[in-house]
Every structure is written in C-alpha cells, then in structure tokens.
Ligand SMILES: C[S@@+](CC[C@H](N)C(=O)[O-])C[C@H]1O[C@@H](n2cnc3c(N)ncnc32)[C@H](O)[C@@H]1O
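Next comes just one chain, in structure tokens: the form predicted alone.
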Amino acid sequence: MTNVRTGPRVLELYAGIGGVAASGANVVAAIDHDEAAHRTYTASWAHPAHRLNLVSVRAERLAAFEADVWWMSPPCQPFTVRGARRDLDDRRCESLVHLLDVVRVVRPRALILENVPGFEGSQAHAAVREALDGYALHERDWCPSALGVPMERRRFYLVATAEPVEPTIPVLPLRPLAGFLDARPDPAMALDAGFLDRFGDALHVVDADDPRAVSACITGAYGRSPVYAGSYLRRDGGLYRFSPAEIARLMGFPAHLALPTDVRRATKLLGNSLSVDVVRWLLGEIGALGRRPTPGAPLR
C-alpha cells in the first residue's frame, strides 16, 4: 500500500479501484458502493475508503472531509449506446442528481467530473453546469494516447475551479506497447480456433512488436463481449486477450494493485476505471488551486 499525503486534499467519489489514488494524489477519503471494487480499493490503498450509496450521503458527511478537490466519475451507462442513452431517466443517475444538490451546499474549491464522451450535451451535463454556477468551467475530451500511452480511452472531463484555468495536455511521444506486456503471454489468454472462425474479421488486433501499435479502449465488457470491447494481441505466433496485469499497466496502475484472481472480475473492474496518467496530469494542472477561496459559502 502507498499513502501519499502531499498536495490538495482530494475526495474520490465513485472511487472504483482507485484511479485517483493511483495517481499519487493526496486522497483523504474514497467512497463507492460496489463490493468488489471496495475490496480491491481497501487492499491497495492506505487511506480511508467507505462503502456507501452516494444516492443518500449527507452534505455534512462529505463536508467533514475538508477536501479541496472532489473527483466524480458517475456511472457511464446512461450515456452509452449499450445503456440505451436514457440519461437522467436512468436510475443510475440518481446519485449524481443527489450529489449536485450536495455540491450546491458544500461548494468544494474545485471539482473534476469524468465520463464517456456521450455525457457531453446530455441533460445530466446541463444539470452539472447549472449546479456549478459561479465556478470557472473547462471542458473537453482527453485521451491517454496524447500522453504517450498506447491505448485509446477518450473521455469527457469537466474541470470546475474558483478561478479560470486552462488545463492542457501535451502530445507526448508514443511509448511502445511491448513495454506494457507480460514477459510471456499467458496461455489462458489465448483465443481458440472457434473464436477466430466466428469473429476473426471483426476483431481489432494489434501486434506486440509494432512500435506504433495502439490498443482500442478496453471496457468492462472485455472478455464477455467478443467485439467492440477492446483489442486483441498478436504475439509469438498466436492471438491473445490482454491479461489483467497488462491492462492495469496500460491504465497506469502500479503492480501492487490488489485485483481479484478471477480474470473476468479483474478485467471488469479495470475496464470501468480511469486512465491514471490523465488523472495525474489534470490534478497537477489544478494543484495550485487547492487553497484558493471557493465561490459561495461552504458548509463548514
């Protein structure tokens, strides 16, 4: 476990397995309701993590953490094609709606929200902007490939601060995919001939030896959905799924991350998580804002 205690105090909401904690941020507390994610989080990080349903958490409880920055990654399914894009009509948005009421009361100094690109322009997006009236907002899509990570994972980020900032992400040289791979392919990750016969033409395949190879976004459905959930890896004369350890490296997590031993459960947790490289960059961009006055009167 690691427990870095420098920089602005961060409250990690919808914490998952700790994408913000893995960035080295000064996380003072984390909250998520998912049992499997909570087990991984508490086994990986030393700071307090609470298994709570955010749909009913009280403003006083969140204010008591005295966090400078709130990180929010609410469920993405209401804004995806697979989730039918039901937006605020989806029950999985209830916690976000509740937290927006809390934000109006507590008024944290800064807030970052991450979600899929489909969030932008949604009814939920409009509700977030309304709740953040008085903050300076910066919004855009970012992808870890801009930071040299050989994986696509474009996400929408909204950064709300007391004073205007223009977070920038430079375009860094692409790192070779081979540097993220296990020393040897895991035979359990090999694709059988029947799988290739059925889906071969629809698979996105990357070559382990290609210095320009970039994996497609690996989602929580990887390993369950044969296509459109991530890339497959060609190496040593065979075709493989990425192992959980390889996915974790691409996502930016350290080796001590305590993932479940079950491959599908581990892959689902990783696929629903954050790009640690982007988190680290964004928090670094707004780090100096941690102690500036907040707009409005906070509840403390």
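Bear in mind the structure is a predicted one, so any value in this text is a computation, not a measurement. Position 1 is the first residue in the sequence shown; the rest follow in order.
Omitted from view is the form predicted together with this ligand, to which the following refers.
This ligand is not shown here, but in the model of the complex it comes within 4.5 Å of a heavy atom of S95. Proximity of P74 to this ligand in the model of the complex: non-hydrogen atoms within 4.5 Å are present. Proximity of D32 to this ligand in the model of the complex: non-hydrogen atoms within 4.5 Å are present. Contact annotation for L274: at least one heavy atom lies within 4.5 Å of this ligand in the model of the complex. Only one of L239, A258, V263, L52 lies close to this ligand in the model of the complex, with a heavy atom inside 4.5 Å, and it is L52.
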